[in-house]
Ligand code: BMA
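First, one chain by itself: the form predicted alone, in structure tokens.
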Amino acid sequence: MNEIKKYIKNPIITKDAVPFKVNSIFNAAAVKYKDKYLLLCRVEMPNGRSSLVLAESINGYDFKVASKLCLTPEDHKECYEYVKWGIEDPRITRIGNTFYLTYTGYSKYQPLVILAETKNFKDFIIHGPITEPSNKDCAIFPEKIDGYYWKVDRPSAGIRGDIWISKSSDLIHWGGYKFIMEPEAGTWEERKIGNSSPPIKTKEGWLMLYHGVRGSGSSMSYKIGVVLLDINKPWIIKGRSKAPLIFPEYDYERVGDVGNVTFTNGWIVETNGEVKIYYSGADMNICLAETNIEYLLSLCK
């Protein structure tokens, strides 16, 4: 499959599939767990604040949404003040038998990154903030590099919207900050960029999806690209797609709470190299696009 193929039955999940009342369901982390496909989805509740709910599937296409939320702002006892307005846009990284969740906590203090962990997606240990505000779009690498854990995120500094990397010996305390990449002026990503997915290890380096934004206000457009990072020095870019691989085309991506948005924070790589990218259209639904590792690597050359 030398292409990006959007699933013909998109969107695969809408708010009508949620067994309780929500405004929307979107921006799902994705992982394989016990031979099932799991999506950890953001749902915006009727009060306008977001929580997380699980959806599961046997085949990766047909999902059933759980009957209740699995993680809410109120679960964050010791750091509730930093997530009072919602928890958003999770990413999942498996290290050993533990699944680490990084997601955005939102409050009057602006967005910051929260870390939690689970082994079964029923019981969660919430570690709390691992960045200061304003920061979001965080993902953890699935293994240590040079004896350290690594994460990428997107701090906001004035008008800057760049991707940075940092390292940690325990996943809680982070340092060694390095700039990785910035938006390319005059292109589809000229306004800001941010991480979209946990990095995947390939024979040529770490492959990572990212989103780029062009325009402002009601004319903003979110699209998805791919970048290849050095296997031993992941702050070094080996290649980067020149054009977006997923972008708003259809009504379900163009019309919604936020128009002209395609946004992902979860993908699953099959044993044969095929890739399922779970993305959302217009902040309203969950969709699927399929490709393979070799094609994604070719886009970075």
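Note that the coordinates shown come from a computational prediction; the quantities given were computed from them, not determined experimentally. One-based numbering along the sequence shown.
Below, we refer to the form predicted in complex with the named molecule, which is not included among the displayed structures.
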Worksheet entry | Interface segment, criterion being heavy atoms within 4.5 Å of the named molecule in the predicted bound form, picked from 30-38, 233-241, 253-261, 56-64 | 253-261
Worksheet item: Here the chain is shown alone; which of 223, 167, 136, 76 has a heavy atom within 4.5 Å of the named molecule in the predicted bound form?
Response: 136
Worksheet item: So in the predicted bound form, does residue 89 come within 4.5 Å of the named molecule, heavy atom to heavy atom?
Response: yes
Worksheet entry | Members of 25-54 lying within 4.5 angstroms of the named molecule, judged by heavy atom, in the predicted bound form | 26, 27, 42
